[in-house]
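Before any questions on binding or motion, here is one chain by itself as C-alpha cells, the form predicted alone.
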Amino acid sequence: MQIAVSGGKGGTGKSTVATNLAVALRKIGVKLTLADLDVEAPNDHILLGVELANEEPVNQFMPRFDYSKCTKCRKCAEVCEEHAIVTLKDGTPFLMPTLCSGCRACEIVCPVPGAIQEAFRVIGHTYVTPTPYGFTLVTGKLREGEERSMPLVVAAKRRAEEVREGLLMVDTAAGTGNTVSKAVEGSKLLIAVTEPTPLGIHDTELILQLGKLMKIPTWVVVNRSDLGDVGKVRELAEKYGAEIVAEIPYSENIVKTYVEGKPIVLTDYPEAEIFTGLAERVAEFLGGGE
C-alpha cells in the first residue's frame, strides 16, 4: 500500500510531517519505506540526520548525429517540439542538450538507419539510504541546472518500489503539478500539510482538488495552526470532504529538533504526541497493515 504526504504551498512542513510520521509508524510496528520525491530540493535525509548512500545515476536519452549518414533532411528539427535541434542553412543538425526532453521523436522520424544514434546524459541520481529508525529512505535528486524533474520522480519511485518493505510513503514536491500527481499516483491516502495563511489556504484548495480529482481520501494537517485562521482551512476541508486530523502549533521545540536533524517524535517534547497520534490514525486506516 502507498500513502502520500503533500500540501501545495512550499514550506508548510511536509517533510517535517513525513519524516516524523515515518519514525512514529515504525515505532508502533508498521514496516515502511519512505521516498523523498521532491527531487529539486530533497531534504528528508537532513531531517533524519543521515548521509545519502547507494547512489545510482538517472540517464536520459539524447540523439547523437552520425554526419556521415545524415542526409540533412531537417525532419529531426521539424518534429522536435522542444526546439532542441537546430539546423544550419544546408540542413546540418545540431543539438542543444539542455532543451532535449529525451522523447526520441527525432530518432523515430529519421529516414536513415543509424544517422541518429543513442546517447545519454545524467540528469540526476537516486539513493537508497538505511536509517537508524528501522526503515529505508529512497531519494531522488535532480542535477543543478536541469529543467525536467519528471524522469527523476519516475526513477526514484521505481527504485522505491524495488526496495520497499511494507508501506510505501512518498513525500512530494510543493505545488500540484505533474510531478506531484505522479508521486501521489497509486496512493490510498493523501495527507495534505498546510498552514492557515492566505497562500497556504489558497494552495490547500488546490491540493484538495487534486485529491478529489484522483479520487484519493484526503486528510489535512494544519501546521503552525496558531498563526492564522484555522476556520478557513476547516471550511475548505468540509467543502471537499476532507478531515483535519492534526493541528500543530508553532513550536520552538520543532525548530530546534529540525536544526539538529533529530525527529521530534523521539523526544519528550509535548509536540511528539501529535505525531504519535497521527501515526496511530494512519495505522488504523491501514488496518494495521504494512
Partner chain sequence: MQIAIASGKGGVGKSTITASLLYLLKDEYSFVAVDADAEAPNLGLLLGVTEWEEEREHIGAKVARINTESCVRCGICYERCPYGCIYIDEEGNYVVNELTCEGCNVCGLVCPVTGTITLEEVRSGVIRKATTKYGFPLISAQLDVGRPESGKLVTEEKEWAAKLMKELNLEHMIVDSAAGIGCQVIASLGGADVAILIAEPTPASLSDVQRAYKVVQHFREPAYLIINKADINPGFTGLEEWAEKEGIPILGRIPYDRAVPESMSMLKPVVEAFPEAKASKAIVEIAEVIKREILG
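None of these values were measured; they are calculated from a predicted model. Residue numbers count along the first chain shown, from 1.
The protein also exists as the form predicted together with the partner chain; that form is not presented, and the subsequent description refers to it.
Whether residue 159 contacts the partner chain in the model of the complex should be assessed with a 4.5 Å heavy atom distance threshold; does it? The answer is no: residue 159 has no heavy atom within 4.5 Å of the partner chain.
Can you work out whether residue 90 and the partner chain are in contact in the model of the complex, taking contact to mean some heavy atom pair no more than 4.5 Å apart? No, residue 90 sits far enough from the partner chain in the model of the complex that none of its heavy atoms falls within 4.5 Å.
Just to confirm, residue 39 within 4.5 Å of the partner chain in the model of the complex by heavy atoms? Close contact exists here: in the model of the complex, residue 39 approaches the partner chain to within 4.5 Å, heavy atoms only.
Can you tell me if residue 181 lies within 4.5 angstroms of the partner chain in the model of the complex, counting non-hydrogen atoms only? Answer yes; at least one heavy atom of residue 181 falls within 4.5 Å of the partner chain in the model of the complex.
If contact means any heavy atom within 4.5 Å, which of 129-137, 207-215, 161-169, 112-120 contacts the partner chain in the model of the complex? Answer to the contact question: 207-215.
When the partner chain is placed as it is in the model of the complex, are 6, 31 and 276 each within 4.5 Å of it, taking any non-hydrogen atom of the residue? Spot residues vs the partner chain: no contact at all.
Which listed residue (95, 189, 174, 73) meets the criterion of a heavy atom within 4.5 Å of the partner chain in the model of the complex? Of 95, 189, 174, 73, the residue with a heavy atom within 4.5 Å of the partner chain in the model of the complex is 174.
Scan 68-84 and write down, in order along the chain, each residue with a heavy atom lying within 4.5 Å of the partner chain in the model of the complex. Going through 68-84 in order - heavy atoms within 4.5 Å of the partner chain in the model of the complex - the hits are 79, 81, 82.
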